[in-house]
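This document starts with one chain, in the form predicted on its own, laid out as structure tokens.
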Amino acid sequence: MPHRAFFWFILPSALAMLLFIALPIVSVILQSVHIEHPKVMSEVETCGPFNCTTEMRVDAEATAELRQAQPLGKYIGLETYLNRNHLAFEVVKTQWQEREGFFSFIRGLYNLPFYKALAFTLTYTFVVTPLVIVLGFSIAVAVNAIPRIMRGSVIFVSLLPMIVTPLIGSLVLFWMVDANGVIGSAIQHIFNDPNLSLKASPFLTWIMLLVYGVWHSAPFAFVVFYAGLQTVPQDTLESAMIDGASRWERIRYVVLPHLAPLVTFVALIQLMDNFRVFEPVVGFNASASATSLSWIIYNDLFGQQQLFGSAAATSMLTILGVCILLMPVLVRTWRQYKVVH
């Protein structure tokens, strides 16, 4: 393709990426190195019939002028990234020097809000992602093997978790595991403990969130793998059957190599999506036991105080985390591409 034609072909996509990806990220970076202006306080004297009193009040006019002069806030550099609510390097260094053992150091890290959220986010990502790939592929193989007359209804049922809105799906499961719900009351009956609650245990809360993540994301992997199964060369499968290959051997040596690019694609999508886990934490009201990086951003923006700089810093750390997670897969894909070409 001539360079001129390629330029005009790629220009719309490049402009869209610049407007909707690059510029917002630059804006977030700028916000992350600023902090909100404190409210300007002024001493006001109030006199009554008998005496006068002085009190501190917010000077709305001076505060508005300050914010208008510096809309982003006060420049503080990387202080937000390094404070106790984020990377907390000084606190981590002190805990490492005063540690009584490796596990005590890990417990100390878990008490810091950012590392607590990072622990759940990484656990959710590295547990849900492989389970979604395995379960989605298994469902696709099973559906592909049943008679055609039954596939329509089975596919519809398999897609239901993906059709349900994530927040609604998490709320439904939250109500089911409640003490008065179907699952919660059944567990209380099985263990003969009327006070047993899945929501009261941090460990069980994590398990519920992980189960929900697999349940909600598996249909996406199923759709991708099922579409890929329709492109597997039948001649190769028939040759393998003639050679005496078992069903497992045909899947391992014929189907899986053919679907390898789709496995990479699903892994990339799931890594990005799972690292930004948010809806289940809100739907399950699980912030006391499990918080994620996205939940911290939401809490900074819509909590008691609007901490735009803190939310921006956490957003940039989240983007950096996604890039680090995707790097091995992208490097491996690039090396395979170079070998092929």
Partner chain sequence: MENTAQPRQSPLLRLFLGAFVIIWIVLAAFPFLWTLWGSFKVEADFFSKVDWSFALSGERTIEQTGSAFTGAGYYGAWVQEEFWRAAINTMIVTFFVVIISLTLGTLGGYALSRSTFRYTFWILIAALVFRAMPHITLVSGYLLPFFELNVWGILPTTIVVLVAINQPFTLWMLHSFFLNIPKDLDESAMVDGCTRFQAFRHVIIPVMWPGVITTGLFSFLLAYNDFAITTMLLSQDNQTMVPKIGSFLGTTQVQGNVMFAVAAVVSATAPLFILVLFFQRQIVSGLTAGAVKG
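Under this definition, the rigid core comprises the largest set of C-alpha atoms superposing within 1.5 Å between the forms. Numbering follows the first chain given and starts at 1. Here the structure is a predicted model, which is why all the values come from computation and not from measurement.
Keep in mind the form predicted together with its partner chain is missing from the figure; the text below concerns it.
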Item to check | S13, A145 and V224 each touching its partner chain in the predicted bound form (heavy atom, 4.5 Å) | outcome: yes
Checklist entry - Of Y253, W175, F126, Y115, which residue is found within 4.5 angstroms of its partner chain in the predicted bound form when only non-hydrogen atoms are counted? => result W175
Checklist entry - Of M241, L82, L204, L196, which one comes within 4.5 Å of its partner chain in the predicted bound form, counting heavy atoms only? => result M241
Item to check | Distance check, G152 to its partner chain in the predicted bound form, heavy atom within 4.5 Å | outcome: yes
Next on the checklist: Contact with its partner chain in the predicted bound form for F156, defined as at least one heavy atom pair within 4.5 Å: yes or no?
Outcome noted: yes
Checklist entry - Does F265 make contact with its partner chain in the predicted bound form, using a 4.5 Å heavy atom cut-off? => result yes
Checklist entry - Using heavy atoms and a 4.5 Å limit, would one call I35 a contact residue for its partner chain in the predicted bound form? => result no
Checklist entry - Since the partner is left out here, which residues of 182-207 would have a heavy atom within 4.5 Å of its partner chain in the predicted bound form? => result V182, S185
Item to check | Large Cα shift (2 Å or above) at A69 between the shown form and the other one, core-fitted | outcome: yes
